[in-house]
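Next up: just one chain, as structure tokens, the form predicted on its own.
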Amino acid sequence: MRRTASLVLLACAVFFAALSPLLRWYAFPRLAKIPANQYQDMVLVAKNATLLDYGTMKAKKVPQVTIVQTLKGDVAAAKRIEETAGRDVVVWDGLSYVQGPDGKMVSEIPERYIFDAHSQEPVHATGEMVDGDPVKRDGIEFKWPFLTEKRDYEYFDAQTRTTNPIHYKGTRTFRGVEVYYFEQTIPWTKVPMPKKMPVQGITPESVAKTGTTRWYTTVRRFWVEPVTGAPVYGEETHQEELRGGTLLGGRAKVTAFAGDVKMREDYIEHTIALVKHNRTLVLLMTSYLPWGFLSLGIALLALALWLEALGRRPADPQPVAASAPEPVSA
């Protein structure tokens, strides 16, 4: 009976020991992925910013500029691309909507970002664009890979339509969460005018005829939770200028926008809560369950060996019963 029990325990020990690396190195890369139907929004604000008044073509200080960023998954488009790509794909339709203190639109730039649902690597397919211009991303955008590493990554900049390194600057603690801090600097670069302008009748084509060009620079900062690869906080020191041409009335340049763009407090709290929840789910597959299964396998192996040892121990000798004395006759 003991030998049968030890064999069963040994089989269970082998099963759980084998399941540990299988879950971590085989199941996790296939199960951890971004859902194709995900929707998220983010509100950022730049307080005491500088903004161009297109009516007078002069820059002025304003109390606040608001940027609303939305990302919406297109499930139907993702399925169409998956048929030819041969892998799980996510299609995000993004919109960056900037509005002034009066609530009126300053700029509106749509994007379509197509990427691998597991690795977050870009997938090139028809429809990939920024503000209607076809692009070919070579780096990540919006999200880092699961299990982010302490190294530099290539990050796509939607304004310049180029990919540049974003540098790992160290490990920090943000609101009780351990994060990796990344920073990217985009030098002054000539960029296209937005297709949708804030003033009726002004178009990128009409501005181009005046000889006026748009330039942009930014310092981009992200605090990324490394297990999920999700930024818990982000900010930019953002500047835009219009340079040259007859539109500026002889001036060499004028500031179109300048400000420190930061996430709004309520969105920081919501993002941290969501990332903490998702972090637990990822750790279940990468740490808690693999190590738990391995520990259980070792414990079952030890118990099986103990039962086997008990089964092979020689039995104790049985005591010899004393014989009754024979009766003695007189």
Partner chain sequence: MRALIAAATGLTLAVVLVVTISALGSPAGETSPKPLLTTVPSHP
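Values in this document were obtained by computation on a predicted structure and should not be read as measured data. Numbering follows the first chain given and starts at 1.
There is also a form predicted together with its partner chain; it is not shown, and the following applies to it.
**Q** State the residue from Glu235, Asp93, Glu141, Asp131 whose non-hydrogen atoms include one within 4.5 Å of its partner chain in the predicted bound form.
**A** Looking at Glu235, Asp93, Glu141, Asp131 one by one, just Asp93 meets the 4.5 Å heavy-atom criterion.
**Q** Quick check on this chain: which one of Pro192, Gly73, Pro231, Pro122 has a heavy atom within 4.5 Å of its partner chain in the predicted bound form?
**A** Of the candidates Pro192, Gly73, Pro231, Pro122, Gly73 is the one lying within 4.5 Å of its partner chain in the predicted bound form.
**Q** Only one of 133 to 141, 94 to 102, 221 to 229, 235 to 243 has heavy atoms within 4.5 Å of its partner chain in the predicted bound form; I'd like to know which.
**A** Going through the listed ranges, the match is 94 to 102.
**Q** Quick one: does Leu10 come within 4.5 Å of its partner chain in the predicted bound form, counting heavy atoms only?
**A** Yes, Leu10 sits close enough to its partner chain in the predicted bound form that at least one of its heavy atoms falls within 4.5 Å.
**Q** So, Lys60 and its partner chain: in the predicted bound form, are they within 4.5 Å at any heavy atom pair?
**A** Looking in the predicted bound form, residue contacts with its partner chain do not include Lys60, since no heavy atom lies within 4.5 Å.
**Q** Is Lys33 close enough to its partner chain in the predicted bound form to count, meaning some heavy atom within 4.5 Å?
**A** Lys33: contacts its partner chain in the predicted bound form.
**Q** Using a 4.5 angstroms cut-off on non-hydrogen atoms, would Trp291 count as touching its partner chain in the predicted bound form?
**A** Looking in the predicted bound form, residue contacts with its partner chain do not include Trp291, since no heavy atom lies within 4.5 Å.
**Q** Decide if the three candidate residues Phe115, Phe257 and Lys276 all line its partner chain in the predicted bound form, where lining means a heavy atom within 4.5 Å.
**A** No, the candidate spot makes no contact with its partner chain.
**Q** Hey, which residues along 9 to 27 are within 4.5 angstroms of its partner chain in the predicted bound form, non-hydrogen atoms only?
**A** Sequence-ordered list: Leu10, Ala11, Val14, Phe15, Ala18, Leu19, Leu22, Tyr26, Ala27.
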